[in-house]
Each structure stands twice: as C-alpha cells, then as structure tokens.
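There is one chain below, alone, in structure tokens, taken in the form predicted alone.
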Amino acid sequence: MPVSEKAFAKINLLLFVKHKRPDGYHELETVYQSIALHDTLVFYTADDEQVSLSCDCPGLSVGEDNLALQAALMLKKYYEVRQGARIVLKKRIPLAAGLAGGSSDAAAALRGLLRLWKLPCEDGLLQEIAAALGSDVPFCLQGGTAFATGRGEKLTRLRDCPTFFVVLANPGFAVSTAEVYRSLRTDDFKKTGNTKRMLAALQKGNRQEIADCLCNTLEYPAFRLYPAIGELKKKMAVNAPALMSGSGPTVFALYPDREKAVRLADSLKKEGIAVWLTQTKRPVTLEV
C-alpha cells in the first residue's frame, strides 16, 4: 500500500538576524509557524533498490539537488535500507517563496519513508539528518509553533499559536536568499523586534500582541533589492498586520476571522497578484 504525507509550508512570525558566524551562517532568533498550505508526497515501494522522484511542477528539479530526494537517500544510507522507493510529489507551495517548501518536502520524505520502510523512529538520528539537509528541515519535521536559534536548527517547542487566517501574496518573482543576506547593512541589525515580548504573547495566546510583535530583519535588504515586495506589504498592511516571510518574496497578512481575509485575498486577485488563503496549523504527528 502506498503511503501519503503532507508537507506544510511555514511563515516566520519573527526573524531576528544577528551576527555572522565563523561557519558563514548568521546567528538567528526566529519563531516558526506552520500553515495549512501544503505539498503532498506519495510513496510507493519499488521493484529494485533505487529511489526515484517525480513531480507535477515542471520548474522543479527531481534530481539529487532536490531536498526531498536527498532526504530519502540519506535515510536509506543511515538505516542501511536495501529496499527502494518511488516518490510522487504534488507541488502546491510556490517555489523560492520564503515558505520552506523544499525543506518541508524533505521533512515529509523522512516521515513518509519511515512508514513505508517500517523503520524505528529514532528522534536524535532524524534531527541529525534534518539539520544536515537545511536550517528549516528540523522544524518542518513536526511543525506547529517553535522558537529557533543557531541557524534555525535549535528548536524549542512553543504553545500552539492561536488560529489566524493567513493571506499569502507572491509578487511573481524569485528572490536569492544569499543575495538578501549579503545586502544586510549594519543599521539593519539595529531595527529589531522584541523576541521576549513575542514569546510572552504566544504563551498568553494574545492575537493582538502577537500581531504587534511581527518583525523580520531581512525585510530591509529585500525591500532595497526588490521594491515591489515593499509595495506589496504596504497594500496588505492597510487593514491587517503584514510581514515578509523568511527571505521573501512572499508577504503574509494575519486575520482573526475568515471574512476579512477573504476580502483582502479577493482584492489582490483582482490586481493579478498570486494569492493563497490558508490558516495556521498545529504540529504534525509522526505516524510510525
């Protein structure tokens, strides 16, 4: 029987970029939040020992540079699995959008193949593989709401965020994460939010305080490089708190009720902007 796994996108409610580390990464403080928008991965047993990946998105590589395939091959190696697998990826999260689509696919590949190959769930090993794949993958393994430090891989589970309806808008072009980080200026690091206040707001489940604490250091270089992202945020922030997710270019707006979120989504669609209406998501349960 095939196995199916959903790969949920994420937004960053807070992303505070700090100093550059000796390994070339920046030290981060971030609050990850899963949203219901997702890709779907279906896993089939193979007649040989090979692992293959196919996808319904023509613009996405299905070679070994794809994180989901990398995750599958690493899991196979670590557990010394002799069985193969065929993975079918149904892509719905936009590419290079600051929503961790690739990282979430990789995490879903780990979860799905644990089930397909009937492997024991060794949390320490899974986290090790996830961290080797990318900074967002450890969070995407379980999702929900989490505070992260380091390069994003050191996680602390938080109380589930109260439900928000989330309007995602994408200006229609990809952003280079590396370029955004390279374009950070000294003054950008001083324009920070209040991490302690955000964590306290989440602990209390106070929607208004959470909205007031939204902050992303990477907005400053991203807006300089791509002014259209800043303009999009201005449109979305008229009636709701809005923020760029990750390194962009996707901008999200948070609403406590669906009706107002639908109105914003409809108005953006009329302007020809790519829009998704979704909501915050609770953690994924590892079914093994």
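Residue indices: 1-based, along the sequence shown. None of these values were measured; they are calculated from a predicted model.
The discussion below concerns the form predicted together with a small molecule, not included here.
Candidate site formed by L28, G134 and R151: every one of these residues places a non-hydrogen atom within 4.5 angstroms of the small molecule in the predicted complex. Remark: Y181 counts among the residues lining the small molecule in the predicted complex, judged by a heavy atom distance of 4.5 Å or less. In the predicted complex, Q127 stays away from the small molecule, with no heavy atom inside 4.5 Å. Contact check for N206: no non-hydrogen atom falls within 4.5 Å of the small molecule in the predicted complex. In the predicted complex, the small molecule sits beyond 4.5 Å of every heavy atom of T163. With the partner omitted here, the stretch from 72-80, 172-180, 93-101, 207-215 that lies within 4.5 Å of the small molecule by heavy atoms in the predicted complex is 172-180.
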